[in-house]
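Shown next as structure tokens: one chain only, the form predicted alone.
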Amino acid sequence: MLSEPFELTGKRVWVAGHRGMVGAALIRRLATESCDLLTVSRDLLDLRDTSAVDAWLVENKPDAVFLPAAKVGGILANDTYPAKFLYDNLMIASNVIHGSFKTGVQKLLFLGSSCIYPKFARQPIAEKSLLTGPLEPTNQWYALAKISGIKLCQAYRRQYGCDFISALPTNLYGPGDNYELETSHVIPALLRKIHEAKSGDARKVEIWGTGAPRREFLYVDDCADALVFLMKHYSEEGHINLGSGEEVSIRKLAQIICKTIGFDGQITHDLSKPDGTPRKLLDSSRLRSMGWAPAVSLSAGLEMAYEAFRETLRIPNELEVSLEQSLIDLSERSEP
């Protein structure tokens, strides 16, 4: 914890990965902080390029850095491109963290992921569970790179006294999400699938597995608010969990989305598809004890997420990207 807040007013604040879902939410949130926002597109700065990152940091001199930039994708993408997931994410983390150290950045917040915890971690998952068991094999490459980023922040704090911290959010959703059925996560996939069922006057919609697994979700603007809160009030070596504390079964989630969209057909189950882990819930008690809590309920968040999805339908060809291109891009929403 900090005895006095790290003030953002008047600071030069770089959001690395501002075009991604979390990065864009951070831009929205930081607009209220009276800070000087710094952004740079991937076309102008490749975060995997060490010399380019160093030069950009020297020229722009940020006081604070948020680092949500990452190469991300679903199970298929992780399995297809393991080297790309590991290398790209290692280089992004290493370059921005080491470059921030060299240029005297006052504070840095690295964004991890709940997928870095062991596959069979005790529920709810506490921060101390990290590295206590084997990872989920299908996303181990991404997870290893994220673990390395967290450990880099800890190492630079321990050796050089850098005020570098890490946060691990739960499953996020909201504006800027990826709606490709083959590569998206459960909420955007269900939003698209159920919307298309209603639009096509279908009488049923199919979901994977039994629908029994329970998951936790956090609206992305709540995530951004928590990250700003942590930048101001948190300064410790250990990473900190960032969750909503609200669990829901996949079947119940589908029912809520059906109600949100106005689809009154039947929900059926493809039992040939796996359920995955029965439960995945973060223990976010440390963050709650600091005084932060989410403001957006799941039902309210899903209404806003659906409206954001409908906005994408007004953009020509937004949903016509091929699977091949999606895998190559690995979701433009989260690229640096």
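The term rigid core refers to the maximal set of C-alpha atoms that superpose within 1.5 Å between the two forms. One rule holds for the numbers: they count along the sequence shown, beginning at 1. Note that the structure is a prediction, hence the values are computed from the model and not measured.
Separately, the form predicted in complex with a small molecule exists; it is not shown, and the next lines address it.
- Proximity to the small molecule in the model of the complex, defined as a heavy atom within 4.5 Å, singles out one entry of Ala202, Leu131, Ala155, Ile75, which is Ile75.
- When you look in the model of the complex, the only residue of Cys258, Ile240, Val186, Leu86 with a non-hydrogen atom within 4.5 Å of the small molecule is Val186.
- Segments offered: 230 to 238, 118 to 126, 92 to 100, 188 to 196. Contacting the small molecule in the model of the complex at heavy atom distances within 4.5 Å is 188 to 196.
- Using a 4.5 Å cutoff between non-hydrogen atoms, Asp275 counts as a contact of the small molecule in the model of the complex.
- Although the partner is absent here, Tyr179 lies well away from the small molecule in the model of the complex, with no heavy atom inside 4.5 Å.
- Contact check for Gly245: no non-hydrogen atom falls within 4.5 Å of the small molecule in the model of the complex.
- The small molecule is not drawn, but in the model of the complex it has a heavy atom within 4.5 Å of Ile250.
- Core-superposed comparison between the shown form and the other one: the CA of Arg288 stays below a 2 Å shift.
- Core-superposed comparison between the shown form and the other one: the CA of Ile267 exceeds or equals a 2 Å shift.
- A displacement of 2 angstroms or greater separates the C-alpha positions of Ile207 between the shown form and the other one, with the rigid core held in common.
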